[in-house]
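Below you will find one chain, with nothing else, as structure tokens; this is the form predicted alone, and questions on how it binds or moves follow later.
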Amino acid sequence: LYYELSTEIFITYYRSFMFMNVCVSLLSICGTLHSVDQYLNIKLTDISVTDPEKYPHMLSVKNCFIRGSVVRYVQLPADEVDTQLLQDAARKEAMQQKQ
């Protein structure tokens, strides 16, 4: 069975990483997560480009806003990730939708 989970779980989860360094796959950008909204739009500060030869135009950018619909994935700090918390929240929401 497949249950569509609300984005609220992911918003809450991403917000727990505020002010930590994350990488976003869009343009291979890493930076400090400043905010996440209900559309999973992401604002990063103090960004750096992991592939400067491919994206030289991004070298002078220090802060950016990334539209949530274009983000393929967000790489979170491995030592800070609590997958059990995310799995429990997803299970709880799926059970609520099932009823």
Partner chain sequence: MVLLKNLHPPTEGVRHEQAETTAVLDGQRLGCGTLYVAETRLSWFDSSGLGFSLEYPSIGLHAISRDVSAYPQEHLYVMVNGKLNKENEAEMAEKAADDDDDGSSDGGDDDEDEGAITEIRFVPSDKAALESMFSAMCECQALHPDPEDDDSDNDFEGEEYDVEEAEAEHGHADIPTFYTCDEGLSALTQEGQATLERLEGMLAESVAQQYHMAGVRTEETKAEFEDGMEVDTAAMEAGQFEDADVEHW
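Because the structure is predicted, anything quoted here is derived from the model rather than measured. Rigid core here is just the name for the largest C-alpha set that superposes within 1.5 Å across the two forms. Residue numbers count along the first chain shown, from 1.
The following text describes the form predicted in complex with its partner chain, which does not appear among the structures shown.
Within this chain, Val74 is remote from the site of its partner chain in the predicted bound form, having no heavy atom within 4.5 Å. Residue contact check for Val61: one or more of its heavy atoms lie within 4.5 Å of its partner chain in the predicted bound form. Mapping the unseen interface onto this chain, Ser35 counts among the residues with a heavy atom inside 4.5 Å of its partner chain in the predicted bound form. In the predicted bound form, its partner chain sits within 4.5 Å of a heavy atom of Val70. In the predicted bound form, its partner chain lies within 4.5 angstroms of at least one heavy atom of each of the following residues of 81-99: Val81, Asp82, Gln84, Leu85, Asp88, Arg91, Lys92, Met95, Gln96, Gln99, in sequence order. In a rigid-core overlay of the protein, Leu85 has its C-alpha displaced by under 2 Å between this form and the one not shown.
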